[in-house]
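A single chain, nothing else alongside it, follows as structure tokens in the form predicted alone.
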């Protein structure tokens, strides 16, 4: 069960953020509304939400998930693979220190963005991507081992981050699509396939028994509902334009 969430309000500079989506420029005012409703959904799921002011110097900083991994036993400050995001780590450190006494860090030449890390109980899957290299992934797993947790590396082929195509929603249920469907490392899970034309919905989040998904993906929503979960769907269009999803917008712990 999660108790807290850390979020960062989108800045006007979000229009200058990194993206490969080709969906147009985010509408800042709409992004603010969508972010507000996202925070309200987290609160509805029982979380205390700490909302930090926007960081205009860092257009992608609202995607706060990428700069830290908050486990039940320690916090790990990441070293983002995108050069424009490296300054974000100094902003998040003092915030994380309010909640954690055990704080570890990923160091050069290792790079990791936590959008490439999926937690499933005490085991963590770490994606090797354009943003997360092998040296960084090895550092993450070494730290996890130090605190009694474990990790597995997963090589990505097409997606930006591991959690672009995967979401663990507890009870051994794994939302999965695309390149991950045939990966034997996920065969122990109950796989809930996300149709290719709804692949954006693979990035959903479990929060204390409720699954939050992006709106507009009825097949995926029904498959989750049929498993007995309460489902909240949210409009995420402006963050999708920036390659962002539901998990990206918060640190939940």
Ligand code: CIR
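Please read these numbers as outputs of a predicted model, since none were measured by experiment. Positions refer to the first chain, counted from 1.
Unshown form predicted in complex with citrulline; subsequent notes refer to it.
Contact with citrulline in the predicted complex, judged as any non-hydrogen atom within 4.5 angstroms, is confined among 226-234, 21-29, 240-248, 5-13 to 240-248. Not displayed here, citrulline is approached by residue 160 to within 4.5 Å at the level of heavy atoms in the predicted complex. Within this chain, residue 127 is remote from the site of citrulline in the predicted complex, having no heavy atom within 4.5 Å. Within 4.5 angstroms of citrulline in the predicted complex, the stretch 46-66 places a non-hydrogen atom from each of 60, 63, 65, 66, taken in sequence order.
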